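Shown here is one chain on its own, the form predicted on its own, set out as structure tokens.
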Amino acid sequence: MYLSVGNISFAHNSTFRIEGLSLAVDKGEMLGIIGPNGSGKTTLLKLLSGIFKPQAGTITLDGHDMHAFNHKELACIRAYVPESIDLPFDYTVSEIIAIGRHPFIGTFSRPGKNDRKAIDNAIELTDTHKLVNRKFFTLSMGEKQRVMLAMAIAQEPEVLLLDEPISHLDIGHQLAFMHTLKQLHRSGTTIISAMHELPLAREFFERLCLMDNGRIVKAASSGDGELLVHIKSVFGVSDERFIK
């Protein structure tokens, strides 16, 4: 198994805890994490990214302990795009996208041909050409989400982790964003994303992981009938039109 979570436990405050959680993700899989607010989606993503370290259990990536990698090694393998975007300085969009290449460039080196190619590809995939000279703080939330995805794509990660990546996009840009993820998936990228938009999650992800109260209720193919029953129960929704 490419990414394996083995019986992990974690708590970062006294009111919420993940306990005995296990999950396996195949290389090249596209997995959606769904669940109500406060169910543990963001915490799980931060554990998978290496930002949080489990207090018990293990997380392995391609057979290696996630926390055996140093920061630079991990940055060359996985990219994490948070829901909340907080930057210390008002960089231009082109500067932000170029940050994705930092793990591959020496401290005193300049971006090379391969770096420029990766950056240009990221801009193309996210349709951010018209934004490259803009200051990040002048962008709408939806534009910021597209730019942060571009930075992650420029990183050329094996694993792409996203937290509610389309929450601030209109429906047209939501669909464009999801099609971009599908294109990355077809190229071999392993994609794991927390999602609020259940119909889009069921349409675009091969498998869904339903969470509630810090535990995995069920992980199954997006069309699984039993999964749908659990989704209705966890979200308290009886009308299937709003989740299909």
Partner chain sequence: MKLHHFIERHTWLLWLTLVLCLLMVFVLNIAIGPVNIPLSTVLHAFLSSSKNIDSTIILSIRLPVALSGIIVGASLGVSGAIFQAILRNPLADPYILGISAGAALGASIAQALLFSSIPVSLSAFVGAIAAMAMVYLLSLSSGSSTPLYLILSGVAISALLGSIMSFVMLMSNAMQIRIYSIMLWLMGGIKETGWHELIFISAAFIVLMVLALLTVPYLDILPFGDEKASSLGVHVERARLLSMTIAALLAGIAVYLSGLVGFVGLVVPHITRLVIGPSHKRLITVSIFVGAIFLLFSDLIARTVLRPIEVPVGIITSLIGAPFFLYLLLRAYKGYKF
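Note that this is a predicted model, so its numbers are computed, not measured. Residue numbers count along the first chain shown, from 1. Just so we're on the same page, rigid core means the largest C-alpha set that superposes within 1.5 Å between forms.
The form predicted in complex with its partner chain is left out here; the points below concern that form.
- For the chain shown alone, G100 is a contact residue for its partner chain in the predicted bound form, at least one non-hydrogen atom being within 4.5 angstroms.
- Within this chain, V159 is remote from the site of its partner chain in the predicted bound form, having no heavy atom within 4.5 Å.
- Contact check for K46: a non-hydrogen atom falls within 4.5 Å of its partner chain in the predicted bound form.
- Contact annotation: P82 falls within 4.5 Å of its partner chain in the predicted bound form, judged by heavy atom distances.
- This chain lacks the partner; the member of A75, L169, L139, A122 within 4.5 angstroms of its partner chain in the predicted bound form by a non-hydrogen atom is A75.
- Listed stretches are 212-220, 172-180, 64-72, 185-193; the contact stretch with its partner chain in the predicted bound form is 64-72, by a heavy atom cutoff of 4.5 Å.
- Applying a 4.5 Å heavy atom cutoff to its partner chain in the predicted bound form picks out N133, K135, F137 from 122-144, in order along the sequence.
- A displacement of 2 angstroms or greater separates the C-alpha positions of L87 between the shown form and the other one, with the rigid core held in common.
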